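Given next, in structure tokens, is a single chain: the form predicted alone.
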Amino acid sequence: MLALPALALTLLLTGCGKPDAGSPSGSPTEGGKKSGYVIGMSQCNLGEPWRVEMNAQIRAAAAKHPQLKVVFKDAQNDTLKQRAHVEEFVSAKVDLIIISPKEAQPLTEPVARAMDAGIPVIVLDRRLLGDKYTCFIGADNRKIGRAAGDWIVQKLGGKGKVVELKGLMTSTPGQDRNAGFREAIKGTGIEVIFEADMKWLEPDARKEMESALARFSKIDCVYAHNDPGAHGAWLAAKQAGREKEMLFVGIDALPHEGVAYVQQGILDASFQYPTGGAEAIDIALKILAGEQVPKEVTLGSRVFDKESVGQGGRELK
């Protein structure tokens, strides 16, 4: 039996199980046909609960298919590290790569090289530049941002002062959630009096909200690009004794996070952003079977607010 390169062996042993090393990617063969596949999963970070949930959904979906072995990599919010992970997957000759990129531009080139090497790539959540990938899976962030803006306009009666806590603005979801929101409030009496990039992180959001509270005596609503950001803002406002003066709106709506916050009265609304983890495994199985898959898969979304949370949310049209 040929020995695997050290890097490939290391990668494979950190996956969901120990693969057979009978082929370059660690997939056993039967009569020249593969009976097992190795998927490399590159997650930009695990500091956000939403991304932990994405990995959990991928792991659970893959576990239903014994022929799949998933190797998980955490880039720890480091673009260079994530580039290196993609390059390691290519060197290890994995059968397919799933990536949720930290930033579009820096990850476009390594993904293109993977495609050039004959490895299909599924891009989750955040887009890359161009279209050199096999399939993109994600919800419509611009639509979600617009829906959040519409909700805020309605609840505030068309006028009010808003704090916008943005996700990482070098990422496409942050850009789209901002653009959709600004489209919705354009021409209304809604004024964004404070905005900051909290990089999707609750501690950063809390710190930025403390600055906003110190500067402005009147804030009608906080629109955060994710639920940890909205929760961080609420904590800051509660510390200042001002949490009842304003509305708090976030995005993600994980059952144990955003939806729970709405149920507890912490957030006034959370807009669902599905992880796409289970869908990624479904698409991966089709690709590995040689089937044609769509270039893009757009996931649906729901809003969870006081009126709809008890009924499982309300679908966005």
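The shown structure was predicted, so the numbers you read here are calculated from the model rather than taken from an experiment. A residue's number is simply how far along the shown sequence it sits, counting from 1.
One more form of this protein exists, namely the form predicted together with beta-D-fructofuranose (FRU); it is left out here, but the text below deals with it.
- beta-D-fructofuranose (FRU) in the predicted bound form comes within 4.5 Å of a heavy atom belonging to D125.
- In the predicted bound form, beta-D-fructofuranose (FRU) sits within 4.5 Å of a heavy atom belonging to Y273.
- Although the partner is absent here, K69 sits far enough away that none of its heavy atoms falls within 4.5 Å of beta-D-fructofuranose (FRU) in the predicted bound form.
- In the predicted bound form, beta-D-fructofuranose (FRU) sits within 4.5 Å of a heavy atom of E48.
- In plain terms, the part of the chain that comes close to beta-D-fructofuranose (FRU) in the predicted bound form, with a heavy atom within 4.5 Å, is 171-179 out of 111-119, 171-179, 239-247, 213-221.
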